[in-house]
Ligand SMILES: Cc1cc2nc3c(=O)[nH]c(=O)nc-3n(C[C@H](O)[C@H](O)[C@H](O)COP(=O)(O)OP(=O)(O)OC[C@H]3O[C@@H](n4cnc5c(N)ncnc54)[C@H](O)[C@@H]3O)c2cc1C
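What follows is a single chain, given as structure tokens, in the form predicted alone.
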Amino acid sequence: MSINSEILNKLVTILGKEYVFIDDETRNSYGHDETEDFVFPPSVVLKPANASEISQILVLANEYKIPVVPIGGRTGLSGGALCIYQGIGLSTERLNRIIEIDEKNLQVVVEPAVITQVLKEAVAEKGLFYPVDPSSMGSCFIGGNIAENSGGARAVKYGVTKDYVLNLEVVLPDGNIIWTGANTLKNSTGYNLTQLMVGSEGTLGVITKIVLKLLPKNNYNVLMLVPFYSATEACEAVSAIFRAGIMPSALEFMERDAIDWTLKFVDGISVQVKEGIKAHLLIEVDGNYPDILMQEAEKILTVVEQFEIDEILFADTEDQKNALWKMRRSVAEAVKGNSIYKEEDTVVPRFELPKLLEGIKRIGNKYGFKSVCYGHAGDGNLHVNIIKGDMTDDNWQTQVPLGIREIFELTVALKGTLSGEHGIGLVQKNFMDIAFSKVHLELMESIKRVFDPNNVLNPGKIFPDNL
């Protein structure tokens, strides 16, 4: 949708000319995230400074029926921040303050454009810990983490974003500004609007302030890289570790190609991968008592030695630990740099991981595509990267979607679901019928209509086109 001069002048009155952008360079820059190679430039990019300005923008948008898409750090992988109907691209980047670190109550109040890693480091200086650590934490925004209910490597022990959100200031689509809950650890007072907002992908409101729960910081960790001669056995070992009574702080799975491509893509990492190794598990335990951590590590060794593995690498120094984590967090970027790809974000109960992995490979053979898998195995969360390679454009367009549908059907058959942490957004919405009945979807859409009767806020996301 184009923005005429009358509307543009009203937007300039609200924000000032310096925060209203209609030039092609800015529009194109804010027209993409990290979802494949999609670019959907908004008609205008706005950069408000506070909830009041956002409220005025949304009132205007409702008056003229203009689509508004909240845009954060643009690191998303499901197309949630793409302006598919043009309209207003609403960047939150100026709302970037850490307002208060409450050391007495172990809470922090932040604005949505605070970068996740910046927040983690700021609270760590106070001896506190914010556990959520998506791979893009050096560039993603807290607001986007909430919109997608992001997870990360340490979600296996500490939970995902929703487990730390206590209260939210939200601008509703009609311009009203509300707080959704209370700054308390317990709250059974009415419907939980806070949790309704978490994972809603910018379709129900624009988040402008956030109250997060924090934890005391642990002082020690043990990190090991375990090479397996069978990727299926690596997946089997995941459940076995938990059944042995161990709760790792991270348990990551990487197929051979994921590591090989990353080692070529990223400088400064020296990991030797022997012939015949098919996958690795990166396993971390953390706590405050080194003796207990070593006992847990020894117990993990007892479990993984039941499988066909090679020599385990223990990270002895902080530099070695940082290098291993850099390798794991660089996998997605390395895959993207290697080939055109599509990434799906499957999640199943962790015991079903071997069946999921084997099924993905079988489906790939059926439809003629290669896949590279990695992810948060401790959660049963497997990222499936489908590689174009030398596939023809026709097969890429016609066969791959059929294969993706079968992967999702398998995932749901294994009691899993379509996304563990990336959200549905644009690219997964037409697979939602696999996970949900018509009743489910109509119920969700009716909630959207209550919040946003004019459908101005991030339209065209989450719900299937044929609903």
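Note that residue numbering follows the sequence shown and begins at 1. Treat the numbers as computed from the prediction; the structure is a model and nothing was measured.
Not on display, but discussed next: the form predicted in complex with the ligand.
Just one of 378, 87, 205, 131 comes within 4.5 Å of the ligand in the predicted bound form, counting any heavy atom, and that one is 205. Scanning 165, 237, 259, 77 against the ligand in the predicted bound form with a 4.5 Å heavy atom cut-off leaves one residue, 77. Heavy atoms within 4.5 Å of the ligand in the predicted bound form belong, among the stretches 397 to 405, 419 to 427, 59 to 67, 43 to 51, to residues of 419 to 427. Contact annotation for residue 353: none of its heavy atoms lies within 4.5 Å of the ligand in the predicted bound form. Although the partner is absent from this view, residue 284 stays clear of the ligand in the predicted bound form, with no non-hydrogen atom inside 4.5 angstroms.
The ligand in the predicted bound form is approached by residue 333, whose closest heavy atom lies within 4.5 angstroms of it. Although the partner is absent here, residue 228 sits far enough away that none of its heavy atoms falls within 4.5 Å of the ligand in the predicted bound form. Of the residues in 440 to 467, only 458 comes within 4.5 Å of the ligand in the predicted bound form through at least one heavy atom.
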